[in-house]
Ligand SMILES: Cc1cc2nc3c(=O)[nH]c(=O)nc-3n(C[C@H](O)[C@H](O)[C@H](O)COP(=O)(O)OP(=O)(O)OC[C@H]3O[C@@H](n4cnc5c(N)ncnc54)[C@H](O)[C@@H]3O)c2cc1C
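Next comes just one chain, in C-alpha cells: the form predicted on its own.
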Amino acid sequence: MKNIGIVWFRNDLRLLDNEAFTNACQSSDFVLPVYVFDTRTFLGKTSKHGFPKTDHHRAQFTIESVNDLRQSLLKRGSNLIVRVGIPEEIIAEIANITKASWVFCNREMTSEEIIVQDNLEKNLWKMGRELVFSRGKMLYYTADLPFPVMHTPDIFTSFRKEVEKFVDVRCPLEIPNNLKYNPNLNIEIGNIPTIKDFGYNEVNHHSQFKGGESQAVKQLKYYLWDTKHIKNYKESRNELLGWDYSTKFSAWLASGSISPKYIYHEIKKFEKEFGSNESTYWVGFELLWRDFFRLIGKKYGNKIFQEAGLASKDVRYTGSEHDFKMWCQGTTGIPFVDANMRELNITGFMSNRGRQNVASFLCKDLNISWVKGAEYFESKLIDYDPCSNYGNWNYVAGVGNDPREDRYFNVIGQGKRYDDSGKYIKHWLPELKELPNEFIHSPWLLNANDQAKYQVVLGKDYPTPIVDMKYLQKLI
C-alpha cells in the first residue's frame, strides 16, 4: 500500500528551502499539499481590544501568496488543496479521507499556533496517524546553537556573539525534483477565497507589496543583483519614504514566502562577487534579530504578550481611550507620529524607524499600554510576526530585555533628524503640504495669520495636539 503524506502549509508559503515539504517528498509515496485559511485568524478579533485579527492588507497578501504557491505546484505537476475553516479539524478529516500516514508541518513557537498544532496532533493520534514536525523557520537550526533554547542569552549582543562565533548557517534545501502528487485521491481541490469572503472590499494597493514566493525571490534579486542597493543598506535603512531605502523582505519572511537561509546565502554569493561591507553584514544582522526574538518567544512563552513583559514590571498606564483612538487614526496633532500611522493604515507597512517612534510615543508620551499598540500592529501589519512584533514592543516599552533602561524616542527631534524637510510628512499628511520647514514638525506654533497664509486651520484642517503644549515645548 502506498504511503500518503500531507504537507500542512502554514506561515511557510514556499517550495524552496521548505523543510516540511522536503521531508514529505522524501518519506512519502504520494504528497498532498494543503492550506487552510483559519477562520479564527481571518475572521476573528484580537484577544483584548477587538481589532480584526488580520486586517485587509495582510489578508490580501496571504491570498496572493497562497495563489502563488498553488501556481508553483501546478507548474511542477502537483496542486494545492485549499479550505476555509478550523485547520486541526479539516486536516484531520483530509487525513482520514485519504488514509494519509503522516501530516508534515513546520513547528510554530507561540501559544495560539501551538494550540492549533497540539489539537491536530491529538486528532491524528486518535486515528493512528502522526504529525511530523520540522524546524525550518529560522536562520539557524536550534540543534546547531551552542546553548539549549531555554538558555538563550537574554541580551541580543551576547546571543549574537555566541552564535556568530560558533555556528554556520546551513545551506537552503532545493525544491524536490519529484513532488509525488496523486490526482486520483478523489478529493476536492477547493477555491482560494477572495478578500470579499473575509468581509472586505477589494483592496486598492498603495504599496508595492505583492504576496508569493515568486515575488519574494524577485525582490531579493532586485535588491541584491539588479540594483545592488544592499551595498548602502546601513546608510539608507532609516529613511522613511519610497521603496528602495530598505530591503522590504519582512513581509515575505513573515508569510514564509522566502526563507532567511536563502537570503543569507544569496548575500554571501553577492559578497563573494562584489565584496562585503557593513551594509551587507547588516542585512544578515537583521535576520539574526529575527531568530533572537523567536527564541526569546519560546523561552518566555506568553510573557511576551503580557503587559508586565519579560521583566515582570508593574507599570501603571493612565492614558485615555480617546488618545489611543487618535493614535490609531493618525490624528494626534504630532505630524511625525500621524504620518507614520497613516502610512500603516493606508498600506499595511511602516518603516522600522517609524515603528520605534510611534511605539515610544504611545507608551511614554501618552502613557497608554503597549499591549494595545502591539495588538493594533498585529491587525494592520502586512509583515506581522508574533515574536518580532511583541518582542519589539517589549523592547520599546521597557518591559523586555533591553540592557538600556528607559529607552525613549523624542518624536519631534526624531522627525527633524530623519525628515528634516518634511517630505515624508507632507506625503502622508497632504493637508500640511504648504507648511515651511519651520512649522512642519510643530504646526501648533502657527498663529492665526500663519494658519490663514498656509491654509491650515488647527482643529479643522489638522488636529491640535493631544498632549500638553508645555510638554511639547520640551521636545522641540
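Residue positions are given as counts along the sequence shown, with the first one as 1. Just so we're clear, the structure is a prediction, and the values are computed from it rather than from any experiment.
Just so it is clear, the following notes concern the form predicted together with this ligand, a form of the same protein that is not shown.
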Partner-facing stretch of 385 to 393, 72 to 80, 124 to 132, 305 to 313, counted where any non-hydrogen atom is within 4.5 angstroms of this ligand in the predicted bound form: 385 to 393
Considering 274, 222, 289, 200, which brings a non-hydrogen atom within 4.5 Å of this ligand in the predicted bound form? 289
Note: exactly one of 233, 264, 102, 324 sits with a heavy atom within 4.5 Å of this ligand in the predicted bound form, namely 233
Can you tell me if residue 342 lies within 4.5 angstroms of this ligand in the predicted bound form, counting non-hydrogen atoms only? no
Is the gap between residue 381 and this ligand in the predicted bound form 4.5 Å or less for some heavy atom pair? yes
Against this ligand in the predicted bound form, would residue 152 count as a contact residue? Criterion: heavy atoms within 4.5 Å. no
Given that this ligand is not shown alongside this chain, does residue 350 nevertheless sit within 4.5 Å of it in the predicted bound form, heavy atom to heavy atom? yes
Heavy atom within 4.5 Å of this ligand in the predicted bound form - qualifying residues of 243 to 279: 246, 247, 248, 249, 250, 253
